[in-house]
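The chain below stands alone, shown as structure tokens; this is the form predicted alone.
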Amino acid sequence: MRKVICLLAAVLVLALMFSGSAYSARKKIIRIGVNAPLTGDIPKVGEGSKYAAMMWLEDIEKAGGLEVGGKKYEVELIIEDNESKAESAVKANTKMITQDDVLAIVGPQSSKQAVPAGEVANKYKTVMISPWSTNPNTTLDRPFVFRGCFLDPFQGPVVANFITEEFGFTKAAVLYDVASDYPKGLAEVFKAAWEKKHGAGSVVAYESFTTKDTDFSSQLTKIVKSGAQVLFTPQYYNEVPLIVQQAKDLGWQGPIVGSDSWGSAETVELCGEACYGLFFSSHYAAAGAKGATKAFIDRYADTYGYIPDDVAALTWDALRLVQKAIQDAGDYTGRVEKDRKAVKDALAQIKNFAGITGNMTFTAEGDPIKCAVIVKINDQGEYEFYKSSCP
């Protein structure tokens, strides 16, 4: 009898073990990847991306999971550091897609990483949405790749038009990193837009440098002597303060105008008063924000101790776009290839999405139709809305 009881107990234990295993196998977890530069040249960009993602996940968890087709599913974030390197971004996407079975990926942010990482995502038919990459090649001929920001072919003319209308200038100079996709591409677009307005040769100095350079005196000396009235430099927060200060030390007295890469809180933190009064094109302005945008800014600032930059805001919008696409797909089967395609199809159909960085409707290429903002760095070092420019 004792043997029978022991045998029954063993069978019961095994049954419970296999029941637990079967439950684990049946449990469907939605995994979302985040490909961000947590280290490397622009870690503040990665930090903003990570913090926005953590806020988004907090909301999902408070709601008891992500509701799809009347059921709620647990969501897990897989955050990978791309080290601000193209090869690391490719490696991160490959890992998340082939090993972690992510349903979709948010990031990378910079075009230098987003362009090659997008090739991987499209190859494996996995949705990727870059919040911040403005280079056209990120989404070009890649149906599974989207973005949450305007493109350089739109941003370049916006800046050229603003400078012309605001200052009445006809001679411009450009300083850019020739080894990085984003500044190189935007510099070319700006030059073409400027010369279309003011004629060939109206960009009187077109100077370049290479990533990690810190001494721009040779290029800036040429710019100062060129007769240029304005300097356009589409660089990142770690380079802008050096460029601005060195230009002023060499006698530059005209305006220096930037692009959305200036949007990090670190730009003015590192640049200080030297950057007060300067303008740049961007995706949103924190100072004077209202509604859902203000609510996001206040919550982020209360949680992390500083005003979120455009990268954080765009990452928030990108995650909410992914969330909407998953929910609009109508069903979550747990069969990752099928679900990825369903999310891609749903994302492509999104229209008039009310993001905190503006309303969005996707084109056939996966690019949103949305407005740009001209931001002024005011005398308190705040990023203040100055004017908008819409397609």
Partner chain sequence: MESLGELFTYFLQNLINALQRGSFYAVISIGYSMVYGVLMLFNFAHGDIFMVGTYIGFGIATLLLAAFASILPGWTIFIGTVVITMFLASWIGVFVEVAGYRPLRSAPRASAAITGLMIGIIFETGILIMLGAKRLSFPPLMESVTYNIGGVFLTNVKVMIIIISLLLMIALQFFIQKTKWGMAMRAMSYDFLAVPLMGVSINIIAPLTFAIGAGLASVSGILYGQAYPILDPYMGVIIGWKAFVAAILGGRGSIKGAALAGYLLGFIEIFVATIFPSTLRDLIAYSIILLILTYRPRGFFGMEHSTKLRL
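Residue numbers count along the first chain shown, from 1. What you are looking at is a predicted structure, and each value in this text was computed from that prediction instead of being measured.
Below, we turn to the form predicted together with its partner chain, even though it does not appear here.
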**Prompt:** Only one of Gln327, Thr39, Asn359, Gln349 has a non-hydrogen atom within 4.5 angstroms of its partner chain in the predicted complex; which is it?
**Reply:** Thr39
**Fill in**
The one option of Gly227, Gly288, Gly277, Gly251 with any heavy atom within 4.5 Å of its partner chain in the predicted complex is Gly251
**Fill in**
Of the candidate stretches 206 to 214, 70 to 78, 135 to 143, 112 to 120, the one with residues having heavy atoms within 4.5 Å of its partner chain in the predicted complex is 206 to 214
**Message:** Under a 4.5 Å heavy atom criterion, is Glu273 part of the interface with its partner chain in the predicted complex?
**Reply:** no
**Item:** Contact of Ser264 with its partner chain in the predicted complex (heavy atom, 4.5 Å)
**Value:** no
**Asked** Do Gly355 and its partner chain come within 4.5 Å of each other in the predicted complex, heavy atoms counted?
**Response** no
**Asked** Are any of the heavy atoms in Glu269 no more than 4.5 Å from a heavy atom of its partner chain in the predicted complex?
**Response** yes
**Message:** Using a 4.5 Å cut-off on any heavy atom, which residues of 218 to 245 would contact its partner chain in the predicted complex?
**Reply:** Ser218, Gln219, Thr221, Lys222, Lys225, Tyr237, Asn238, Pro241, Leu242
